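A single chain, nothing else alongside it, follows as structure tokens in the form predicted alone.
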Amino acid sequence: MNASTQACDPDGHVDVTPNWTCPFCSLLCDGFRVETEQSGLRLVGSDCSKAVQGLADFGPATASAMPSVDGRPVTADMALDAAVGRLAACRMPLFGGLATDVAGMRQLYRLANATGAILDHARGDALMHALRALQDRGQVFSTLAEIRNRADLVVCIGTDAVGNFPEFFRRCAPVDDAGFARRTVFVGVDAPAGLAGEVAQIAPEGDLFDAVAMLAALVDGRRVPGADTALADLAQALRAARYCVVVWEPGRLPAQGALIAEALLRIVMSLNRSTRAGAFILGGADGLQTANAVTTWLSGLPLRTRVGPLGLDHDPLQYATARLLAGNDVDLLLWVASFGTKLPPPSTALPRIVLGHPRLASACAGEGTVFFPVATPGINSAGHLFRADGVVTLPLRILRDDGLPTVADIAKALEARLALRRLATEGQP
């Protein structure tokens, strides 16, 4: 039993306290409870669609999952031996998915270093939109607390914020004694219903590239013939705000979205010459923020980096998962998806090693695949994740023990067996 306090009512329900930290989006909301029932887990205190859908993946039969090799159930030792044999035979593996917590990512990095693997998250394309702007120009970030306590103007560019992060506006709603009225403006999208304060939406002509470029020019005070009147008014409001926050979502940007990211950065930096402004990036789901942070700690470089005894090589374009698989540039895929069933491994003729949610077993039943069912941080294992704003790492408490190993457990066992295999090979005449 975990360290959290549990109490059963006469119907067999269990309320878990202290408050649960939800791992199913990068806001990591920690003000809800989860009630365990015979049929599974039920959210209490919110109707957040991400949390409800995430919990739905955890029914009563989770613990019955077994490892498999080529679709055949096997013991854990047999699966480890099969996986190590494939790792030892490959020359350039790709470690993809990477949907895990801090401990899991630390062990995956060690295993990648031992095998010369490339590291890329399942949501790596979205990460690169923000990361390339950060690498080129730097960024000025805001936090959930700063939005809540200071922001009198929030401008959402190309995102309604709540589609993928349902609790965002609740998390950063002004406190009662904030002393300011907030205005929220949506550019290029419809405003969601039910927001407090003044709400407006702008539907500029052209695409998002055009709209953001025009807004950046107007904020800079440049003369723009034929400028969109609504964007001109927004630029004036941005300059007049006490503290404005520009919210955007890398996952919703089109191809070459890094150009939009740089324009948004230019807006924020220009505003900071005369007022206070920051950017808030809605991203980092499925452990993306955590995977990138851990990789950067341990290597000094972000994801889409190859690590190994011969050094480091970072390439944000060439080391994209889709490009590597399409070009047959790697010879093994190790895929990690511990948070649910939404990230099945890509279909490929390459050998696959999958560390995934137990309900991914059916997607990993084909020839050439070694599958390990693993625990989910915040559900059936403890752990830590980085929040979307990158300023805190929150602990995740276990709700129930299904007897499943963690990603860190499997990665550590693979590394140890691989080292023993290589020692034995080197000792042969």
Partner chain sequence: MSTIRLKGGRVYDPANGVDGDVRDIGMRDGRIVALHPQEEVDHEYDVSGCVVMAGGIDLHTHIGGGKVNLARMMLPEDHRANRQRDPLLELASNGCCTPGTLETGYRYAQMGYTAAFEPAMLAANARHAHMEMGDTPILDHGAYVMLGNEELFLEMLARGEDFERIRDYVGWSIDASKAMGVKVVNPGGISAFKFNQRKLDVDENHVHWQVTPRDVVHTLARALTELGVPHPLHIHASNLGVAGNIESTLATIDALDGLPGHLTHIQFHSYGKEGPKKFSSATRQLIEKVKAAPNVSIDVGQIIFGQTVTASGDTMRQFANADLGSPRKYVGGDIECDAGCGVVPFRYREQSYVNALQWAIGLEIFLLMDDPWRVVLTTDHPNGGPFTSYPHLIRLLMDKSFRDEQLARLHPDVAASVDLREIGRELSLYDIAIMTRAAPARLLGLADRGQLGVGAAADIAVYREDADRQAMFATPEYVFKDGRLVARQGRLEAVPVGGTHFLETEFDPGIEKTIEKYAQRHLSVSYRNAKIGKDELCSCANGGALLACKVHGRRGGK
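Positions refer to the first chain, counted from 1. The shown structure was predicted, so the numbers you read here are calculated from the model rather than taken from an experiment.
Another form exists, predicted in complex with its partner chain; not displayed. Remarks below refer to it.
Engineer: Just checking whether F209 would be counted as a contact of its partner chain in the predicted complex - the rule being heavy atoms within 4.5 angstroms.
Structural biologist: Output for F209 is no: heavy atoms all beyond 4.5 Å of its partner chain.
Engineer: Since only the chain is shown here, I'm wondering whether Y109 would be in contact with its partner chain in the predicted complex (any heavy atom pair within 4.5 Å).
Structural biologist: Judged by the heavy-atom cut-off of 4.5 Å, Y109 is in contact with its partner chain in the predicted complex.
Engineer: Check whether D30 has any heavy atom within 4.5 Å of a heavy atom of its partner chain in the predicted complex, and answer yes or no.
Structural biologist: D30 belongs to the contact set for its partner chain.
Engineer: Indicate whether S49 is a 4.5 Å heavy atom neighbour of its partner chain in the predicted complex.
Structural biologist: S49 lies outside the contact set for its partner chain.
Engineer: Within 4.5 Å of its partner chain in the predicted complex: all of D136, L310 and P395, by heavy atom?
Structural biologist: Every residue of the spot touches its partner chain in the predicted complex.
Engineer: Okay, which stretch from 223-231, 192-200, 351-359, 139-147 lines its partner chain in the predicted complex, with non-hydrogen atoms inside 4.5 Å?
Structural biologist: Checking each option against the 4.5 Å cut-off leaves 139-147.
Engineer: Looking at R182, R252, R86, R276, which is the one with a non-hydrogen atom within 4.5 Å of its partner chain in the predicted complex?
Structural biologist: Answer to the contact question: R276.
Engineer: So its partner chain isn't shown here. In the predicted complex, which residue out of T75, Q318, Q236, N272 has a non-hydrogen atom within 4.5 Å of it?
Structural biologist: Checking each option against its partner chain in the predicted complex, the one that comes within 4.5 Å is N272.
Engineer: Going by its partner chain in the predicted complex, which residues of 161-187 come within 4.5 Å of it through any heavy atom?
Structural biologist: Residues within 4.5 Å: R171, V175, D177.
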